[in-house]
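Single chain ahead, written as structure tokens, the form predicted alone.
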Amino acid sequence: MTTQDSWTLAGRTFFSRLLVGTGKYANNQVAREAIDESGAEIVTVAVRRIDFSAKETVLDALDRSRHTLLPNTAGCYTAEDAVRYARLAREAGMGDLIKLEVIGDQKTLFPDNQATLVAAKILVSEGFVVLPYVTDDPVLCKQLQEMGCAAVMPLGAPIGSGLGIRNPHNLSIILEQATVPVLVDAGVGTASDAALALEMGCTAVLMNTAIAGARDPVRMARAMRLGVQAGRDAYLAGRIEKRLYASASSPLTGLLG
């Protein structure tokens, strides 16, 4: 993947199409090494899980000169809570970029789509750059982009499940109608899952557990970086048409006999 293959989010240009999280690592040193190996430029942090009074936080694993911070509202179960934590992040100096999460079910961690719409409308009106985490619902994603969200983040599978992209058909529709970046968020398990998302034409992919929960997070971070690059290159190259029957690799014309 060449360095010219960039993408834009709210007027800012990025080259890495892999976004990573900061949770579940054994310690900040492992997190720092894995994030560096991933090549990610955007790193997400759960606002609810930061103890700003602590001597060391997950923020210490980041190089703020190299990484764009994407605070998120993980752990919020109401629109009101999500809006509150987004405002807190901005007041704490984290900026206007926000990954909006409103969870609707504690067991599956599926998002509450209606509450997400409510919170997104409020945050967009307040000048936030909103990236909503939602189900793979084409109608919902279209509503959010028309509302003014800077991107849409449909899940591939439940958070932390590692199941990969379970509904490529819905994702294809979302991509077809998208006027903003489409970032697959949640459910990625391994590098081939990331590659598939990019092969389909997704702008980028966000993951945390797949890297942090691996036996070797740093090596997995490298695998994910390479998987994303391979998937993007395959998308740009244009795959061959799928055929029901065989097609000879060598032409038969011009043969003697």
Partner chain sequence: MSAQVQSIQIVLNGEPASQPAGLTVTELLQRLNAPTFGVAVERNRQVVRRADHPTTLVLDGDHIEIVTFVGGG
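As the structure is a prediction and not an experimental result, all values here were calculated from the model. Positions refer to the first chain, counted from 1.
Keep in mind that the form predicted together with the partner chain is not shown, yet the notes after this line are about it.
- Residue-level contacts in the model of the complex: of V124, I173, L109, L88, one residue has a heavy atom within 4.5 Å of the partner chain, and it is L88.
- For the options V30, L226, M200, I50, the residue carrying a heavy atom within 4.5 angstroms of the partner chain in the model of the complex is I50.
- Only one listed stretch (68 to 76, 164 to 172, 140 to 148, 109 to 117) carries heavy atoms within 4.5 Å of the partner chain in the model of the complex, and that stretch is 68 to 76.
- When contacts are judged by a 4.5 Å heavy atom cut-off, D96 does not count as touching the partner chain in the model of the complex.
- The partner chain is not shown here, but in the model of the complex it comes within 4.5 Å of a heavy atom of A92.
- When the partner chain is considered in the model of the complex, V45 lines it closely, a heavy atom lying within 4.5 Å.
- In the model of the complex, no heavy atom of S38 sits within 4.5 Å of the partner chain.
- Site residues D193, I240 and R243 are none of them in contact with the partner chain in the model of the complex, judged by any heavy atom within 4.5 Å.
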